[in-house]
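Coming up are structure 1 and structure 2: the same protein chain in two forms, each one given alone as structure tokens.
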Structure 1
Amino acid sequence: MNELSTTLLTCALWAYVAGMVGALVFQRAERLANGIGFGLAAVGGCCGVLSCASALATGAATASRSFELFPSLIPYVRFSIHADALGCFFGMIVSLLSVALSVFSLGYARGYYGRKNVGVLGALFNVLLLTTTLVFLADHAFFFLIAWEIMALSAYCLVSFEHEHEETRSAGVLYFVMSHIGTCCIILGFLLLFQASGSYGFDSFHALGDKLSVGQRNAVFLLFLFGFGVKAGMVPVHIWLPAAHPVAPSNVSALMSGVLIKTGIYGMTRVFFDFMGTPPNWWGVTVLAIGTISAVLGVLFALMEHDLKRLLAYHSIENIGIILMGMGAALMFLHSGHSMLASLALIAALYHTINHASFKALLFLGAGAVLHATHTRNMEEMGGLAKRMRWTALFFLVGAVAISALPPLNGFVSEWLTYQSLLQGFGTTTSLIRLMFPLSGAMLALTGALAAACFVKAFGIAFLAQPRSEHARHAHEAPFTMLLGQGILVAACVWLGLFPTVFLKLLDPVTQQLTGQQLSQQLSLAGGLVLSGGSAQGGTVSTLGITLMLLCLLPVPLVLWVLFARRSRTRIGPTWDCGLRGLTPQMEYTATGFSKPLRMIFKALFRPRREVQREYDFSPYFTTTLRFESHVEEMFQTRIYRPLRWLVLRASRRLRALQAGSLQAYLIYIFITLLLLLMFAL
């Protein structure tokens, strides 16, 4: 890493620190705290993007050395930073989002004036950004864990920011508990690695896996898969995610869905590809299977939601699944020694990581703007917002198209790369396991189509047709800073979608570091216009070409218009109402109704229950009052977590006998523990 990027990186970190301190100092003056807190976060983000992107583009990231942030006085702990290619890539994601989200927050936090402490919000936001960046850049296991823990705690505080609601408090606690179970596993994993290497530095862990015994390797794999999987929100340890993300302030939800869960992905990439050497086959199979299941279940549960932010949170699970599919395939290819395909699959996973960060953050910001305007997260009370919030609607639509993996935006490109790596994977082995590739490809297709259905619902119900409530009727467009924040992410989505071959150059150092291959030359054809799947025969796509061709074909309908319809007029009239006296919002299709067919088709999974109470005077066809309730079961909640919680509670009730309150008893416990530990050590 050259001088300039290092300086910029340090600037970014200090900007976050200054933002935190500034926001706390001026917390009495709300406007100033808002400006300083989020303004400095935006500055930090800009520095971070410039630093990481330039390090990746110039190849400086490959040659970078670690340096100590500040000298440590504790043995075994070093506060050292190493901005290598992988760290830079993730650092770029967090910095990019930091810019967009901070600009958005400048407007969004105004909604809290007089209600909540904006200074604290800004400070915690900066802490979260700072620690997330440090997680990506830390070069030492202890430093990593410290950053990881502060990140988890500040995220907990932000989730519980609106703690006056019962729902928020319980979601916060759930997040706290799950997060720490995960951290526990990660610590154990690092201890195992330490045992083998004798040092906590990440450089000493490099390719350590080949030196471990089989049992240790597998234990490390499982511990890290579980530990980082909790943070990433993979099924079945995802339950905290749909609870915690919606209740947080929207800018925080965007940050959590965009970056925080990516720390899990980062951890897995770091450990599986950097530390563990050549993986056994079942690792890849496991990750691919978990990814496929997460993708399908995530989107299916998202379809059942009519809370806009919960719906988006479930989509995060889906997208983590898609990322894991790429990663699992890459692990399988590493096992079979196909390093070129491994790089392709890894590129697909990492590309989807930055794509998901940009469009999911965009969608959460859109949801935040809607929440700001309508004061509800329930889609059944929105509607008609496309006319009242023109820009927000347009931006949300871009995000919806991108997340549904439709051309020409970025979601399509990364899923296309995933398809390519899965299809080419079929030829890498002759065992029956290769059927997994096309089958997960088919499940990816199902996921994409269901995501499209879900976003037709989300956009169609929330933004189109008539407003369904008074709040929606009087909705107003978001202030300029909020729109600007979304606009930055829209630009990112479009750029990542239209110019994949340019972006792939940034991934070269990353794949060079992890798989020893650079693919950007091979994947780019026709001067960068066309993206190929490794070879010209294998399949090509050009999102830019598609966009340009769509524009070239536009004259066809326009000429027809001029030829035939020159004299036709356009009238505005009422929607056809079957002869009734006008349509009311109650007659519109609802979000629940929209997803009803899928609820019925997958009823074995959802176990829908509904209760209908109707009162009528003379005939059941003329109901006077109607009460309708419909529930969908989150099967992991009822099948796994509820029994588990019950077990834990029962066990702790038994253990309570130990805690008798007498000091003598406690001293005996301590003594016995000490004795046991001594015996164990000798």
Structure 2
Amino acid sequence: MNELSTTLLTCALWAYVAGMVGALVFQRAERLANGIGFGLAAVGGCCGVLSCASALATGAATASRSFELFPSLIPYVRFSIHADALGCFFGMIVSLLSVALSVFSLGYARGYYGRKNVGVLGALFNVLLLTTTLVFLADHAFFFLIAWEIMALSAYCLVSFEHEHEETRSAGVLYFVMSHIGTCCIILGFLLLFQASGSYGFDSFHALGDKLSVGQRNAVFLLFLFGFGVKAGMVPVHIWLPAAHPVAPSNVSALMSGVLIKTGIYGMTRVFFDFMGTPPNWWGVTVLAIGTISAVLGVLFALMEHDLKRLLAYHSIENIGIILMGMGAALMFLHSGHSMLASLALIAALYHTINHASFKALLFLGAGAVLHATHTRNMEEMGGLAKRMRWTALFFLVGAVAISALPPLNGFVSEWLTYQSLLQGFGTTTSLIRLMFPLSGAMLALTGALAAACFVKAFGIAFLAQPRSEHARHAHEAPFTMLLGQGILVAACVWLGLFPTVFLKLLDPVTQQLTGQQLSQQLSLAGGLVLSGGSAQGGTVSTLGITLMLLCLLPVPLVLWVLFARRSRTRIGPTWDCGLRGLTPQMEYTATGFSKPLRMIFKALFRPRREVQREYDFSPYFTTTLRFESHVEEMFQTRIYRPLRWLVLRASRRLRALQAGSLQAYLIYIFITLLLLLMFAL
């Protein structure tokens, strides 16, 4: 990095530190703590965006060197950072979200005045931003793990912020346990890399895979895949994600979905592409298969949800799956020697990483504004919010269009690039493995269609029709700062969708570092107005052209009205109510009814069950009360984790006998452990 980028990055880190300290010092003055904590976080985010974006745009990230933040007195530990191209790209993501979420939080945190400690919330928020940034920039395994653990602990505290609720405490514990299971695997992976390199510095890990034996390479791959996969929320180690996201404060949910789970994606990219050299084919097949399964199951379970934030959490699993599909295809292309296609697939994965951070954070902020106004996450108790929260409804609609991969917004661009890489992958090999590419492409198309259906349900049930509760009936628009935070992310979604060829230039240093190729020129046609698939077999698309065409068509209805309907009489009357005395909220379509067809189609997966209770007056023809409940089975919890939990508890009860309270027994245990360690060392 050049001197200016380094200075801006240093300012960003110190701004987070100052925001943390200031929020704690002035925690008794709620307004001051709110302004200092989240205001300095926004300043740090601005500095981080300028630093990382300029380093990528000027190519300074390619020539950057590592440096120590402060000296260490501990052997084997160096607190050094290296703002290379990959670290700068992910640092840009966390900085962008830091700006939007901090501005949003200035208004959102007011809802906690008099109830919770806003200073602690702001301090922990800054700690999470600081440690996440350091995770992306760390250049030493020990420093990485220290930042990783502090990040996990601060996220646990933020998830458990409203700890007076039992649901919140349970979700926090689940996140804590799953996170540390993943951390154990990451530590073991780094120990294997240290055993081969003799150092914990990342500079000694580069292209280390060629020096490892086949068994060691495969062990490292599986350990890091599982360890980082837990944090990313891939299936089947995703169960913490739909539990933790709904109960956390909405600004924290947006940060966790937009950035925290991306630390898992960053870790996989760093290890698989930067450390391990040319991968065997089964690595890519495994990642591609896991990504495909995660995408399909994530969107299917999202369709069954009535909790708005839980629905968005399942969509995070879906989008992580889409990112892993691009990453898996890139690994397969590297194995077969197709570095250009590997770069295309990697670009698709990284582009979807920043796209998902933008539109998913936007949707969580919209859900937070709705929760702030209605005090409920249940979509069945919403309705009619578009008339009362017009700007929030508009911003949520933009996020819904983006996540549904509809043109011309950013979700369409990255999924289109993923399609291009998968379709071109079919001809790269003659083995049956090539069938993975069209199969994954078909599942990606199914995922996109189901995502669109899910957000038709989410937007329609929550924002349209009539209010279904008193809270929805008296809902009010969010404060200006909350709308401004959403507006920043709307601008990011629009810009990333309309000008993809401009953004692709920032990815050239990343692909040059990881695959040795730069593709921005090959992917840009007609002076940057058209996005190409990178080869003669690939397709082309212009999101800017689609937008201009739509804008040109907008005057057509106005012209038709002027020519044919200007003098016609307009009659305004009530909505047709089937001859009844008026429409009521009970007549509206429900979220349960909307998702029932898909629930029946995939009943083998969901195993739905329903309970209907009736109370009669005089005869069955005069029902006074009708109660209906519908449930779907959460397959992984019931089929995997609950039996596993039962086995762990049963084994623990049996191992309890070892704790006999005898000093002699404990000395024998220590002696046996030392013998085993000596045998292993020899």
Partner chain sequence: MKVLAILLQTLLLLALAPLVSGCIKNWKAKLQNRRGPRPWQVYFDIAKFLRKDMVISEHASWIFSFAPYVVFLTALLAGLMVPMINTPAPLSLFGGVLAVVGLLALGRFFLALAGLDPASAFGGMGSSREMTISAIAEPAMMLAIFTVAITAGSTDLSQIAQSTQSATWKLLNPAHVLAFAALFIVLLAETGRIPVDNPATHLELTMVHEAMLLEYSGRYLAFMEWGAAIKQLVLMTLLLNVFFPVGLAGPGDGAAALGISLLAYLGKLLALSSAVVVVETTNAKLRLFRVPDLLSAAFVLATLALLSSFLFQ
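Just so it is clear, the model here is predicted, and its values are computed rather than measured. If you superpose the two forms and keep the largest set of C-alpha atoms that fall within 1.5 Å, you have the rigid core. Please note that residue numbering is based on structure 1, beginning with 1 at the start of its sequence.
- The form predicted alone is structure 2, not structure 1.
- Once both forms are overlaid on the rigid core, the distance between the two CA positions of G573 between structure 1 and structure 2 is 2 angstroms or more.
- After superposing the rigid core, the C-alpha of Y666 moves by 2 Å or more between structure 1 and structure 2.
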